[in-house]
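Given next, in structure tokens, is a single chain: the form predicted alone.
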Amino acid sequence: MVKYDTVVIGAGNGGLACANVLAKNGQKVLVLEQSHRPGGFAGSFRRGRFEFEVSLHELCGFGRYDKPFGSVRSFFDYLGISDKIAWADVPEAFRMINFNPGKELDVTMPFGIDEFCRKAEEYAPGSEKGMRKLFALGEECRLTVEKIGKPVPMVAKLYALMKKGGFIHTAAYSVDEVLSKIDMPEKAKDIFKAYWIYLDIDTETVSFFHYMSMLNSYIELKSAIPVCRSQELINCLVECLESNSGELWLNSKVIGIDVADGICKKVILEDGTEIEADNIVCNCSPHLVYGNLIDKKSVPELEVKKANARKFNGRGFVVFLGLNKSAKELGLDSYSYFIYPDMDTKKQHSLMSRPETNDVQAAICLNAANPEASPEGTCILSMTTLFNSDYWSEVTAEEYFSKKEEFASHMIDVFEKATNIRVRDYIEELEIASPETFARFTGTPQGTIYGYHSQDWDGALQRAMSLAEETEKGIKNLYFASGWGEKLLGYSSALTAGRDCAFRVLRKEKK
């Protein structure tokens, strides 16, 4: 039997972020990872002469090099690792293509709010004033998020919210409802809605507060990627953890969490090892923890109700292509492509339940941000889409590979049709990851890469406001550090969720 101040289950972004803060503040910390390597969704893999990024598209909230601000950059500065990682700037915010006949739209948008609004005016005359108003509201949302996350009494939080008139006027409404009140051309509204795929929530449903908190961070604070893939970031987090006497055990699968009298006591590993801890932090889903790791009699009724009421968000499907021509030769001039057959997001989201109707994708050409990402004369292109149903678990073993390859081929067809760029003839390496792949690789339920769906009763704002009360009613000394919690999933949000979880643990210990 060994004893730690805190045991963290899962060495993904959230788990490592949490463990680093705790170790930096003097705690004896152990991170347990079931895989042979840390990172979870963060990391890279090789096929032939190409090294592919598993899932990172862009790390938002990083800040520009001449103005190092933003929550992620500030966090890395706090850990002292910002300058230990080689970063590549993402060159533009996005290229969005709507290939709906008669409503075609092909726009490339820059970073920076001023630049973004001026470019929108070029594409859709008469839009600049309305676009600036939206971003002004978005800035209030961003500042409100920061205020909500601070350790102050609820009364103080509510008072701060009431002073933000724009936030009060928009927080309860969806993106589409707010846009309906803004005098702006429809084309500009379509440009504004381009990022909806990154949340996998249609703009008729997603709260304006949630959407703008993300969009403002992307456009104003810019994005970056690690030159040596996100594995470089994970390795740096591990080195930082160990430099502060924290420990990481690989190939260490947790099969149980012992709870007695409503308090976490220890974790049990697959090999029978038992580890006591004052705090247990989970970088995995509550479904897994409450369903598989804790005796059902010890799970609070509230957690059972929440788990039954919640829905899983997007299940990931990615096509990784190593192409034997350079990005310049192929005409892949942009880094990020949002490809939509229609800008009716409600309709498109409903069609993303089955492969025969799913034509939505977000594609990344890694070489556009990092020219040396692959050997000279080659480039890397990845295409990602999401499924809002558990379709892939229904596919039989006999038809799984043919179904997977058929849909991957369809995704390539959609990309070529939308961009008018031929890539199929230059494929040297191809790898396909379905939701079943992600479920097997990370243990995430149904292969979802976006955690729980943000519903009107269970969105980012609602989770943040109710966090303290639910923590008090839950299992004592049990915490969640991943995007399954109040911030929802995503690279940047997982890192900041882990950071905030650590500070909750430290405040509890101080009390």
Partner chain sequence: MGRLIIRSFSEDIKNFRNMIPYRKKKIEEASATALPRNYGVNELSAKLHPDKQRVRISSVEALDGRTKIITFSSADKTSLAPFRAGQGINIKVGTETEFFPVVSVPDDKDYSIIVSAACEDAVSELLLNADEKTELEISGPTGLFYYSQLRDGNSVVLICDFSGVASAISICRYLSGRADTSVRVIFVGEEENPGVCGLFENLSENICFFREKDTDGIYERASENMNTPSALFVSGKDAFCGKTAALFDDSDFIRGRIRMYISDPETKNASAEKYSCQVLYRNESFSFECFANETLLAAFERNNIPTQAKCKVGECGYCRCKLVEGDVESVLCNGIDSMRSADKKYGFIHPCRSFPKTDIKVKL
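These numbers were taken from a predicted model, which means no experiment stands behind them. Positions refer to the first chain, counted from 1.
If you look for the form predicted together with the partner chain, you will not find it shown, but the lines that follow are about it.
Here the chain stands alone, but in the predicted bound form its contact with the partner chain, taken as any heavy atom within 4.5 Å, falls in 295-303 among 295-303, 102-110, 115-123, 215-223. Highlighted residues Glu356, Asp500 and Arg507: none comes within 4.5 Å of the partner chain in the predicted bound form, counting any heavy atom. Interface membership of Asp425, defined by any non-hydrogen atom within 4.5 Å of the partner chain in the predicted bound form, is confirmed. When the partner chain is considered in the predicted bound form, Asp77 lies well away from it, no heavy atom lying within 4.5 Å. The partner chain in the predicted bound form is approached by Arg46, whose closest heavy atom lies within 4.5 angstroms of it. The closest non-hydrogen atom of Gly447 lies within 4.5 Å of the partner chain in the predicted bound form. The contact with the partner chain in the predicted bound form, taken as any heavy atom within 4.5 Å, belongs to Phe312 out of Phe387, Phe415, Tyr198, Phe312.
Of all the residues from 238-269, those having a non-hydrogen atom no more than 4.5 Å from the partner chain in the predicted bound form are Glu239, Glu242, Leu248, Trp249, Leu250, Asn251, Ser252, Leu269.
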